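A lone chain, given as structure tokens: the form predicted alone.
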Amino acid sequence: MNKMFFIKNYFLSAALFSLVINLLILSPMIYAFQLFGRVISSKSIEALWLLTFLLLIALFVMGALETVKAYILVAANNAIDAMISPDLLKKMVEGATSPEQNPYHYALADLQAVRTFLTGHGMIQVMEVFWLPVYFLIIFLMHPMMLMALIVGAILMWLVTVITGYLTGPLLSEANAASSNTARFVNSAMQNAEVVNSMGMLPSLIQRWSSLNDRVMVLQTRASNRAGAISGVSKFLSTLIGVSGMTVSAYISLDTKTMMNPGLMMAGFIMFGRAIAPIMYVTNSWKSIVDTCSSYIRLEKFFKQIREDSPVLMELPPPTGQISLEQVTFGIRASNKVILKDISFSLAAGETLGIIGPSASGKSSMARLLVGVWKPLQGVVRMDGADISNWPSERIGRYIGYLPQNIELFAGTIADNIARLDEPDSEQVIAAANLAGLHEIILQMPNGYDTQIGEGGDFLSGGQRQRIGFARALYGNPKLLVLDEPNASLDTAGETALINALIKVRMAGVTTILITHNPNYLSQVDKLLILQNGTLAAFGPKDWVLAQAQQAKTPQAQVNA
């Protein structure tokens, strides 16, 4: 069943309850009309008790239906979260690896805004708005003057809303932008706390933060002062409009030409208050409604992108590890920067490749293309002959081991991180740790594999994070292993363990791609690829490439020879 259709059923049910509730809401008006129009004039105690009893039943049923409607909206809130949030998070994480601007960064925040509105007080009031034509018609039938007072009041409230937005909107936007800038500065200061404290940068940091924060306070003060003045006018106006309903009703009842009886006057006042309530909500919450609509529009574009980017793909057999690049060009569209140009090469399953080259030659970009994190602007990256972008990440990911330069771990245990946040398989976790030369080190930790490592691995040293990341890459016996500067934070023992692991995965027939500046690791590769300025300068068997590069006096070959 279509997810959105299923969710819409909740709101259709809530709308049906709203229909019955709004019919029952008319009961106090009918009660007032009958009470002052007939009961008091007839002085019938029996009629009074009967009318009161019927009113109590109507009010009880209305309250029960309101409770049920609230439960329906809560269920809708949970259904929206369960059905949509996982897809949003999946696309956000996938989009976060893009070198372009991430279009899904605020998707969950947008969903929360829409969810809060649709399943909260906002949606209840919006449902009431659809009943305004009925209220207007009843009020008009009572007396056109009452309808005129209602329309004038609604127009005045709308004008106040427009003026509020005009006077405070730009200031609030500027204040929010300045506040975000200040928050980013504080976040940067916290991330670089060691540098700040060790080199006496704290006074200068505080001074710079103060100048940023002062601007925020000035803008917020201006906006708040204006909003406060307008809020006073708005409250005065809303109270005045409420009183005007009573005044007009009384005036009409005193008019000898109309002779509105007290019952009709009371009923008219009740109906007037009922009609003005949703109008007040819409005008007072207009900015929130507009923001929610903007969130919904962004989500709608996102869902459209999901449908376009998520074709149903046939299940492919497990890969053997054969990898090839066919005339691959990669760059960043926003800056018109080309990072890799027309790269073509292939590796048979089980071969080991070393990638070398100067800084900014495109080595890390190559690694991200090889594991499918980035997509080429032109050309194709293939795994076992299939375009790697046609493999869903949850399918192909189990066959890939990837160790990036910047190791990011998750709060949890060592076992959780090695097992890639899946339910840890003890045998495979220990096997990966042994292969990474990490098993004995883990056993010496307070709780072994169940040791909590803190947010981002804060409780670990840089070398320990590096080796846990390496074990994570080895977990599950991957067919393709891509290592980007795997020795960056390793000590001598760690480097020895890394070399031993490379020997073992090579013997196991794992296709391994090693990006390194360290010539010691080149002894473990079958082939060598040299990148220069984003182009393939040489590719082939290691000894042949090094010989050719030496003859051509390639600077990188001289460094690594």
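Numbers for residues come from their place in the sequence shown, where the first is 1. It should be emphasised that the depicted structure is a prediction, and the values quoted were computed from it without experimental measurement.
Heads up, the form predicted in complex with a small molecule isn't pictured, but that's what we're talking about next.
Student: According to a 4.5 angstroms non-hydrogen atom cut-off, is G153 in contact with the small molecule in the model of the complex?
Tutor: Although the small molecule is absent here, G153 would stay clear of it in the model of the complex, with no heavy atoms inside 4.5 Å.
Student: Look up in the model of the complex whether P478 has a non-hydrogen atom within 4.5 angstroms of the small molecule, and give yes or no.
Tutor: P478: no contact with the small molecule in the model of the complex.
Student: Looking in the model of the complex, any heavy atom of P358 within 4.5 Å of the small molecule?
Tutor: P358: yes, in contact with the small molecule in the model of the complex.
Student: Under a 4.5 Å heavy atom criterion, is G362 part of the interface with the small molecule in the model of the complex?
Tutor: Yes, contact at 4.5 Å.
Student: Check for me whether the small molecule, as it appears in the model of the complex, comes within 4.5 angstroms of all of R398, A497 and A501 - heavy atoms only.
Tutor: Checked in the model of the complex: no contact with the small molecule for any of the three.
Student: Just one of 363-371, 180-188, 447-455, 429-437 has residues with a heavy atom within 4.5 Å of the small molecule in the model of the complex, so point it out.
Tutor: It is the stretch 363-371.
Student: What is the one choice in I252, I339, V114, L147 with a heavy atom within 4.5 Å of the small molecule in the model of the complex?
Tutor: None of the others qualify; the residue that does is I339.
Student: Quick one: from A386, I332, A277, L299, grab the residue that has a heavy atom within 4.5 Å of the small molecule in the model of the complex.
Tutor: In short, I332.
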